[in-house]
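This document starts with one chain, in the form predicted alone, laid out as C-alpha cells.
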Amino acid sequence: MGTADTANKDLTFSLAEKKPKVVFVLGGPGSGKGTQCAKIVQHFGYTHLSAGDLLRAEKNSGSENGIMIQNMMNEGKIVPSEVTIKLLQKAMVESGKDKFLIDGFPRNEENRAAFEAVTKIEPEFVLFFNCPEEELERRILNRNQGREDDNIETIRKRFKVFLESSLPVIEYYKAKGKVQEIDAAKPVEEVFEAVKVIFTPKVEESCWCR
C-alpha cells in the first residue's frame, strides 16, 4: 500500500508544480460537449480528458484497478471519486501538457470536493452547455434512430440524474464567479462562436456582455 501512496503523492506533486489550467466541461446528455471539446482542442491547444473514457479504458485494461471498476459497474455502484481522480491525475501528468478540458466531471459535489482536496487544483472555470430537455431528447432520438419509447425514458432518467447531481456543482462555482454558460440549443457553429469568445484572451477584461 505504501508504494501506491507514494506514487499518488508524486502525481499530486508533479501536477501541482505544473500549475495546470483546468476547465471542467458540464452539460446534459446530448448537449454537444464532445463536439465542442474537439473544436477547443483544435483551436486552443487544450488536452481533452473524458472521465468516462478513462474509466472505460482502465476497466478494459484488465489491471487490478480495472477489475475493481468492472465489478462496481456490474453491481450498478458508483466508482469512488478517488479512483476517477487518480486516473485523471495520471492522464494529466503523462500527457506532458498544461491545459486541460475535463469532460463530464465532477458529476456531483462529492467529486468536486475530492478533486480539489486530492489534486490541490481549482478549475479556471466551468464551461456549462445549457440545453433544454426537449432539445436534448430530440437530438438523442435523432442520433439513435431507435425505437422512441425505448429511449425517451432512459434520456429523461439521465437528464434527471444530471440535474440532481451536477447542478449543485454548477451552483457552487457560480457563487465563485467561475461559470461560463453557453446556450447549447443553437447550431454547432453558433455554439462554437460563443465558446471562442470565452477562450480567446481578452485585451480588456470583463466585456463578454451582449
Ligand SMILES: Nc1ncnc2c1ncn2[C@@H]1O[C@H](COP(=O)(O)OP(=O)(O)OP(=O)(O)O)[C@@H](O)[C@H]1O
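The first residue of the sequence shown is number 1, and the count goes up from there. Just so you know, these numbers come straight off a predicted model, no measurement behind them.
Heads up, the form predicted together with the ligand isn't pictured, but that's what we're talking about next.
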Practice task
Name the single residue among D98, E109, E135, E124 that comes within 4.5 Å of the ligand in the model of the complex, judging by heavy atoms.
Solution key: E135
Practice task
Classify K186 as contacting or not contacting the ligand in the model of the complex by the rule of any non-hydrogen atom within 4.5 angstroms, answering yes or no.
Solution key: yes
Practice task
Verify the contact flag for R158: yes if a non-hydrogen atom of it lies within 4.5 Å of a non-hydrogen atom of the ligand in the model of the complex, no if not.
Solution key: yes
Exercise for the section: Examine G66 and determine whether its closest non-hydrogen atom to the ligand in the model of the complex is within 4.5 angstroms. Expected result: no
Exercise for the section: Check whether H43 has any heavy atom within 4.5 Å of a heavy atom of the ligand in the model of the complex, and answer yes or no. Expected result: no
Practice task
Residue by residue through 29-63, tell me which have a non-hydrogen atom within 4.5 angstroms of the ligand in the model of the complex.
Solution key: P29, G30, S31, G32, K33, G34, T35
